[in-house]
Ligand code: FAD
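Form predicted alone, single chain, as structure tokens, below.
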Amino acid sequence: MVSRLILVLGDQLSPGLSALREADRDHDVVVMAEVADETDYVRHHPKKIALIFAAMRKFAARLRAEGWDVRYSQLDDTENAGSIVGELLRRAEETGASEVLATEPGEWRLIEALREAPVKVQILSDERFIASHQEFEAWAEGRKALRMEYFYREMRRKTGLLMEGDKPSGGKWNFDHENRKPAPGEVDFNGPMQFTPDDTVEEVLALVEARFGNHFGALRPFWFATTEGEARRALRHFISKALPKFGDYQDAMLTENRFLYHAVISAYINIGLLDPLEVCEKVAEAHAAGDVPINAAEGFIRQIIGWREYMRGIYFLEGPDYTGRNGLGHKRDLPELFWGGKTDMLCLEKAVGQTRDEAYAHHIQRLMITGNFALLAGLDPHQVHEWYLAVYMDAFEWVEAPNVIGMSQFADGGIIASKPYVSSGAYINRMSDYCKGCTYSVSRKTGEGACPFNLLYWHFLDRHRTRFSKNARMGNMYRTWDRMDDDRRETVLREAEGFLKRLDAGEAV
């Protein structure tokens, strides 16, 4: 007799998953399903769909080899119910099971679907994270501001990573000021490890090509890891070949180099092929061995036990309505340039083009190119959120939404960020070589050929003056604006409005 169904989702491909750990291999049945509800709620990048399906199929094969009874539904199975709950009901009828054991999903949408399912579902905590919901809530309680830096220190103490007793290694918690070097002249790293698709991957690619070929994004070449073993090899490759210089250049951007010294393993962590704590331990070991400088090791570990954990904490603390917040009242529709439409702004062309081709862009390209433009232009934050969720391989709502709604678009009213992350073209010029080949001139503030970031920056500050003029971190910006003569301010605002009108009209900008 089948006792229970054990649900394993496409981003839960971990052998130590709480639902699997609590299951009885001799009596329970594992349910895994590729369903239209999960591919279609936003128009996911084809590479993202292919990665998840291929990794799911291989994980199911691994579970079967370990003795599990796995009922797996492929997307094109004729009896596929099209939803996770529908598949659970179908398998319950098939097996006679009356209860489902599930690890908590990473999206409120799915959590609520399971809670409302017409079958008993027991939802277990996802213990692949360092901080539980209760721990984060206890840390957040009573604080006036939920700043990541202080949460990160707690995670360092809890894990012992880069700690010497109760003191941080190197005498500081954060080496970020050493990690802001502009783009190097040369990069002596050939990029993340690439894998040749095997028969399972090719079968998935053919399915995705036929079903999702009209989605934004190039499916091929497809070179990603789809098993735990491959992901571990990719991690070792990064640590030995790129991590030593990762810290120095983690914020840099280059026109002709898409990866610089980045790991490109976040998708592997987020779908469960790599354990985040184990990844950080490997990095700490490399530092302890003298192979990796402290600024690189600390900067990398902070992104995982700091930002990643903090974003999850915020997402679940704030609740299901978080993605609908719009604290600045921005309502402009997402322009076609975000879907590859023509633009003369080289930085946006390169960031969006890379996203189309790779389903990847690093954190500064997301925050200070596409995100900065969206915020300055007043784009609807929910549309921006859905774009990021769709186009990036590592985007799952628990981590993507706080990064976009909070960090990037300031739509949560300042829960995450103490000020909006906005900049003129000067920052982009300092951290990249984009401006050198651009039709616009980053040195021009107004007039023909003036960089749109320069115009939109001041336009943003002016239209939100009531909100931000008393922000301690933005006082210098407003004092600079106020020192400009009236004619210059009027010209800036007029030209910014002209740019936005062209954007709204669908013209190439």
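All figures in this text were calculated on a predicted structure; none of them were measured in a lab. Just count from 1 along the sequence shown to find any residue number.
There is also a form predicted together with the named molecule; it is not shown, and the following applies to it.
S.K.: With the named molecule left out of view, which of V292, V399, M155, A231 would have a heavy atom within 4.5 Å of it in the predicted bound form?
M.R.: Exactly one listed residue reaches within 4.5 Å, namely V399.
S.K.: Going by heavy atom distances of 4.5 angstroms or less, which of D380, D394, D176, E135 would be at the interface with the named molecule in the predicted bound form?
M.R.: Spelling it out, the residue with a heavy atom inside the cut-off is D394.
S.K.: For the chain shown here without its partner, which stretch in 308 to 316, 332 to 340, 91 to 99, 112 to 120 has non-hydrogen atoms within 4.5 angstroms of the named molecule in the predicted bound form?
M.R.: This holds for exactly one stretch, 308 to 316.
S.K.: Would you check, heavy atoms only and a 4.5 Å threshold, whether T323 touches the named molecule in the predicted bound form?
M.R.: Result no; T323 lies far from the named molecule in the predicted bound form.
S.K.: Given that the named molecule is not shown alongside this chain, does H363 nevertheless sit within 4.5 Å of it in the predicted bound form, heavy atom to heavy atom?
M.R.: Although the named molecule is absent here, H363 would touch it in the predicted bound form, with heavy atoms inside 4.5 Å.
S.K.: Test of understanding: in the predicted bound form, would H262 fall inside 4.5 Å of the named molecule by heavy atoms?
M.R.: H262: contacts the named molecule in the predicted bound form.
S.K.: Is I269 close enough to the named molecule in the predicted bound form to count, meaning some heavy atom within 4.5 Å?
M.R.: Yes, I269 lies within 4.5 Å of the named molecule in the predicted bound form.
S.K.: Considering only 327 to 345, what residues come within 4.5 Å of the named molecule in the predicted bound form, judged by heavy atoms?
M.R.: None of them.
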